[in-house]
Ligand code: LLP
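Only one chain is included here, represented as structure tokens and corresponding to the form predicted on its own.
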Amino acid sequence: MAVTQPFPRIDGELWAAESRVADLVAEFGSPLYVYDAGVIEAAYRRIESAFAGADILLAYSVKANSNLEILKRLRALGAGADIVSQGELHRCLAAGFSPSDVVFAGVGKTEVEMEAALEVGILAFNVESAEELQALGRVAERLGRPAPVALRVNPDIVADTPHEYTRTGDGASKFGIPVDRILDLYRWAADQPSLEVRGIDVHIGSQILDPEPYTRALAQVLDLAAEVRAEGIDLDFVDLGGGFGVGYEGEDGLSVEGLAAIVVPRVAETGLRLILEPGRFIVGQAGILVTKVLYVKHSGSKTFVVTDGGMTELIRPSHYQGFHRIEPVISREEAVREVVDVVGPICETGDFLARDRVLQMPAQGDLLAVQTAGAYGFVMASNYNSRRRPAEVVVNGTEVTLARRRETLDDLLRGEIP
């Protein structure tokens, strides 16, 4: 199943579904996030189709993009949710997700968050330490209802990801429980009336393009699951996590079909339900950040294209050294191509969207589209320098929905005590 081509160029102009991107900026201003709902649905359906042979829950990773309009559309497609905070739980409930399709991950769940998730009846907590397991047991006992748990294994597998910050399965990472401690914790949890063992979980990283590390992680987890069951402890599911990579530079993303060919038969043999937690794969290529050129500045040997969007709108280039293709919204055939730095207006040297990039030389007032910005874009945006966060628009064919209005100056003061 081919993913719908995101943001095609027609007669030199960039389009979002059936809307000209330039028209969207004229209506909603810049910087502006634009998402194509058709691309989101196609990516979701591609995973669904690839894993059709499994009893599966696709628990969308809310941290990738938590906009309510996108969450509502994913819920309508049948998605569950992978959350890491009470705030994400609140968003999922507002978007209509069933709590029984929600898994709660993260190394630092507070007891308040545990209570909130228990009270609504989530599917499971993916527990990441012995002390967290004990705390969850205390909360469950206080509420008088058992807490459903899966233990997250740290398999000590180093996946090839673009940045060290996105590797979560190696032994030096803060995530998960070492393999040699898992069985003892399962035995302890099984003896606690306030805990209900449901599954086993692993997550090895983000932006992974090769199925091989998943194969190794799955083998370890299924071996551990067999040992847990041999102890007389029942399991309902195996959660293989997410982190499925997409192509930022035009390369192919992870072959979910190739991954499914490996995973589905292995999991089917066990009779366990399979949970996957895709996020970036579903929304990454479905979004762009559109920003306006304020100035073109020549300084020594450098040329800086200064735009009205920067690290406060998209921090991935600065924080992760992430690469995003940048192209003009309206292409001009006569424009020369030069090596430039695309930088934002923030008072930080680290405020850039691209460095030493060959671009069609823009002019003041031109619009640039930063591609593959649908994941970890707006969700990581900030008000640093007291900047207002941008608007978000979702297009679906001819339909255009303002999914989040641009913040106002008064929004910047909300919550402060004058």
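Bear in mind the structure is a predicted one, so any value in this text is a computation, not a measurement. Numbers follow the displayed sequence, beginning with 1.
Omitted here: the form predicted in complex with the named molecule. The next part is about that form.
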Checking 243, 287, 309, 176 against the named molecule in the predicted complex, the residue with a non-hydrogen atom inside 4.5 angstroms turns out to be 243
None of 109, 198, 73, 316 but one has a heavy atom within 4.5 Å of the named molecule in the predicted complex; the exception is 316
Within 4.5 Å of the named molecule in the predicted complex, heavy atom basis, the matching stretch of 276-284, 260-268, 293-301, 342-350 is 276-284
query = Going by a heavy atom distance of 4.5 Å, is residue 68 a contact of the named molecule in the predicted complex?
reply = no
### Message
I'd like to know whether residue 320 contacts the named molecule in the predicted complex, with contact meaning heavy atoms within 4.5 angstroms.
### Response
yes
_Is residue 147 part of the interface with the named molecule in the predicted complex - any heavy atom within 4.5 Å?_
no
I'd like to check something about residue 63: if you look in the predicted complex, is any of its heavy atoms closer than or equal to 4.5 Å to a heavy atom of the named molecule?
yes
_For the three residues 105, 376 and 380, which mark the spot I'm curious about, does each lie within 4.5 Å of the named molecule in the predicted complex through at least one heavy atom?_
yes
Of the residues spanning 116-140, the ones with some heavy atom within 4.5 Å of the named molecule in the predicted complex are none
